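Have a look below at one chain only, the form predicted on its own, in structure tokens format.
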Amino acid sequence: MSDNRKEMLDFCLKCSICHTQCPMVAKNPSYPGPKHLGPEAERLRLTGKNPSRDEQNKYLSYCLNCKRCDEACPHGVKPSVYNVKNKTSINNAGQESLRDWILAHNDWWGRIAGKMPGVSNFFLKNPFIKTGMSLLGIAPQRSFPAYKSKKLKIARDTKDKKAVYFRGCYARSNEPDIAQSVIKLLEYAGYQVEIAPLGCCGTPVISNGLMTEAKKIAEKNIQTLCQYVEKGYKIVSSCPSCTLTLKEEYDEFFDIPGSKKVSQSVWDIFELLLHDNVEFPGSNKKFSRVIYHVPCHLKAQGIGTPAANLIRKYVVNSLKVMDKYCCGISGTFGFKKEKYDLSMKIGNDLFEEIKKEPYSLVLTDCGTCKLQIEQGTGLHVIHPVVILAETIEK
């Protein structure tokens, strides 16, 4: 944690505004909340006098790391940062489980499963496999994303504008059509596109408090991406969690040379398209009523809803933007057996809002939000890059 973050402790006035925005506080009355687990506990930890430490540790794993408390604080204190930092101390004390380690390394499993997606998908649906997962503490009710393999098509033209695409785990292993759509949009916008030769951004290991490993991932990613930035490339991602991690979390948690250079060069795909004033064919809008769920990690970037702006202008006749609710899955959180029911309870308000009306399309930018909404509503959910790319003539 940076020294600046320690200095920010004194700006916490205990106003409890962060509690009003915490999805966990709303659905789990026994949860102490961001203020108590974050800045208050950190003050006590620094003094060495924290009689409630064991009690606080019990609740730290229930922090969703959704960042809504960070957004809510009127003084810029970030409770989520302290929560993640203190998760590390729990893991270092030997309390991390095999289950959490397995879930945190979805990048590894994705690479393996992607080599034989048909077999992998069969086994993930097998009831005996699900029973085995349950014994490890993975929720047997949870649906897993299907694995897919696809060779991406990229033009090899040399252009003045250059973009390197950080795919992330989901677009690489589970839904390569997202990656292909991003490439299509960037090329349409006049960019020479490269795929970053990298895997996970590190969000799952950060959320599970495995910060030593997270730092190694960050160092590798920063070193590679810096080389692109020095050549004039913009870094683009279609995953809100990847984008937030590259923009902010590396710099929040680690002192790594080049992290500032990387963070200042990262763009959400829709953020970049809006910035460049890219125009799309909008004369054949084929969707009448569409609902768009804004992922928490997109909100945390403070860039508004660029996807909604472009989708509303070029793709749909009526768009409802839902930014009030957290879907509840929070990456690996909703895959944990003891947290599954609570995860669905947090997401229920969103599910009910979506089911109120007969929407022709449900959109969200986040892969795990997609899984949660599909499981909670039974409706198919699409990444907005896919339908925007469809407006471009082949």
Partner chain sequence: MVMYDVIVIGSGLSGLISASVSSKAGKSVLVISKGLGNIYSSSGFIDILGYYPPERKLPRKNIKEGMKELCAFGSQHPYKIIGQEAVDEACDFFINLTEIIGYPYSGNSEENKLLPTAAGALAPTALVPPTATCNIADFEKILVVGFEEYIDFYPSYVAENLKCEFKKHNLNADVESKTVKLGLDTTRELNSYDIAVQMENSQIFNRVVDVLKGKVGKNTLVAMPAVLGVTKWQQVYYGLKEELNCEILEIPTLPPSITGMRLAEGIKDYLSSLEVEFHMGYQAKGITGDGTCQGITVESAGGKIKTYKAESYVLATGGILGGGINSTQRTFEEMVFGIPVAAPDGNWSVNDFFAPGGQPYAYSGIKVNEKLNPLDEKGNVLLANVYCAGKNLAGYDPFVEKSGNGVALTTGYQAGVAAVKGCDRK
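Since this is a predicted model, take the numbers as computed values, not measurements. Positions refer to the first chain, counted from 1.
What follows is about the form predicted together with its partner chain, which we do not show.
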For this session: Evaluate residue 129 for contact with its partner chain in the model of the complex, applying a 4.5 angstroms cut-off between non-hydrogen atoms, and reply yes or no.
Result: no
Problem set entry | its partner chain contact at residue 244 in the model of the complex, heavy atom, 4.5 Å | yes
Exercise. Does residue 277 make contact with its partner chain in the model of the complex, using a 4.5 Å heavy atom cut-off?
Worked result: yes
Exercise. Is residue 62 close enough to its partner chain in the model of the complex to count, meaning some heavy atom within 4.5 Å?
Worked result: no
Exercise. Within 4.5 Å of its partner chain in the model of the complex, do we find a heavy atom from each of 183, 232 and 391?
Worked result: no
Problem set entry | Among 135-143, 215-223, 256-264, 119-127, the region lying within 4.5 Å of its partner chain in the model of the complex by heavy atom distance | 256-264
Exercise. Among 9, 25, 386, 379, which has any heavy atom within 4.5 Å of its partner chain in the model of the complex?
Worked result: 25
Problem set entry | Contact residue in the model of the complex, from 285, 162, 99, 312 (heavy atom within 4.5 Å of its partner chain) | 312
Seminar exercise, completed: Checked 21-43 against its partner chain in the model of the complex; residues with a heavy atom within 4.5 Å, sequence order, are 21, 25, 26, 29, 30, 31, 32
